[in-house]
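The chain below stands alone and is given in structure tokens; this is the form predicted on its own.
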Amino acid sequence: MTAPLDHLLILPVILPAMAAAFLVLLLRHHLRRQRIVSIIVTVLLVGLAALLFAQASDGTVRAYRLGDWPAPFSIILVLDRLSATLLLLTSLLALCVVVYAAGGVDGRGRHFHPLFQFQLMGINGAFLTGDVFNLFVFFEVMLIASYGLMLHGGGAARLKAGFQYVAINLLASVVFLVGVGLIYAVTGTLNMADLAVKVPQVAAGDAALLKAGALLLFLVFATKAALVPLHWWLPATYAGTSAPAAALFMIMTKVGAYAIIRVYGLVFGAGAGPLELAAAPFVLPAALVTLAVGAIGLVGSRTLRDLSAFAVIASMGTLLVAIGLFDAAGFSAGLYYLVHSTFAGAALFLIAGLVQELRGAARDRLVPAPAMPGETLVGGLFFLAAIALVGLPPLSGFLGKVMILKAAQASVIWPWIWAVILAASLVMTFGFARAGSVLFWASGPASGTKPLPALPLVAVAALLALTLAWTLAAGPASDALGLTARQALDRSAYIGAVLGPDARLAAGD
């Protein structure tokens, strides 16, 4: 029987879906009312995510079977520490983004708030699903909504970047389906817990086919996570869209990283027989190259939006270095850095949007121009975001990198990891210093008195405040994320929650 509180598990998917439909059908011509409803729904999602996070903090893995069909035949949602953490992160980010958008950006095109809510539906579903095929479904919901958000407001440059974004993701979707088909053909299931039981038992003659399916899925997840050489779509996409859309997209790359943790930690992780750690040989080397490419691209950027996009690539490289260790220490350090980079990266994109609005004809190009209104305040916000993203003390970026460097000592290539991370941090420091000096210290006399937008400033300040709070909470957060990492690698707890204790025993866990 399902406990009453367990029904809350479906609400992070249902609530934004119903809100999006309501906004489209009844409020499509009333922007102010759309803003109110969208903000209220997002606040409710924050409260719901906090409640689910508290529920998951007892260490119990909870499974919700839609229609009460038995696993592995049911559509199933699974709540554990990892999914609860990412749900809470998504909702907090979404609240800051929707407040920023309500400052006027949402009025530059149609249906921003319905698309925003559909996007949250897809992201939340991806974090909760316990089935690889439904992971594909939620990926598509998330991506279809992101196509609309990417193009919101129009413009030739945005349309060009959007075409590239749509094309690469359609190709990735085809690869995803092929990978899913190969896995189903060999195992007869796509339920992650059931796969964790059956993958180690696959006949030797079918192992190569199953590995092909596993590596095709890895290609898709690596594309979503912007892992080199599959990163090339991200700079134009994130730099070409609106500031709030780019800030929300910060969590989309994390969906790719989450999928790698979930699928290659649970299904193809330790104990998977011939498929054990199928993706491990590729993640760490590619992550180091990704970090280097991001740092170099950041230095060569000509606009603040481009710089922000390459900062995302660099941060994903750092995150995937930790994930590529495929142990509890690496996952724990990576999760701490994941939360940090989401808040700090989103703040930088929103600051880029502010600069673009306030700087007149120069927009966000890294060239000298007349001083913008509120230059001291905006410059101070940029300074804090830059310190956080580079990883300088005392903010959470520094602490996250220290945790990753410490965890990397268990790797045989730890000197390379240390060298790349430290060198990239130095290069990024130079890039941010150059950008800040041009934007805020090499400007001429002010040329106007345009008022500072209140809601966007509140949103940026909230994200930076969350980054500061994450720094202050580093001790207890690190302890909690250590438990989260160990649970994510515990096949037995997940299998037992979804399939029952008998299946856990049959799996040998």
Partner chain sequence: MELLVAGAIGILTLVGIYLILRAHTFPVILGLTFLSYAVNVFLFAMGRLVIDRPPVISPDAAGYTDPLPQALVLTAIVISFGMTALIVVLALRGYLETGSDHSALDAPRQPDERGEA
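Numbering follows the first chain given and starts at 1. Keep in mind that this is a model prediction, so the values were computed, not measured.
There is another form of this protein, the form predicted together with the partner chain, and it is not shown here; the text below is about that form.
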| in the model of the complex, the one of P229, P368, G181, G380 near the partner chain [non-hydrogen atom within 4.5 angstroms] | G181
| request: Let me know the one among A410, L422, L277, A167 whose heavy atoms come within 4.5 Å of the partner chain in the model of the complex, would you? | output: A167
| request: Identify whether the partner chain in the model of the complex is within 4.5 Å of every residue in the set R108, L171 and D306, based on non-hydrogen atoms. | output: yes
| said: Is G360 near the partner chain? Define near as a heavy atom within 4.5 Å, in the model of the complex. | reply: no
| said: Is it the case that I76, even though its partner is missing from this view, gets within 4.5 Å of the partner chain in the model of the complex, heavy atoms only? | reply: no
| query | So, in the model of the complex, is S91 in contact with the partner chain at a 4.5 angstroms heavy atom limit? | reply | no
| message | My question is simply whether G155 lines the interface with the partner chain in the model of the complex - judged by any non-hydrogen atom within 4.5 Å. | response | yes
| note | Within 4.5 Å of the partner chain in the model of the complex, heavy atom basis, the matching stretch of 386-394, 117-125, 238-246, 428-436 is 238-246
| said: Going through 128-144, which residues have a heavy atom within 4.5 Å of the partner chain in the model of the complex? Please give them in sequence order. | reply: F133, F136, V137, E140, I144
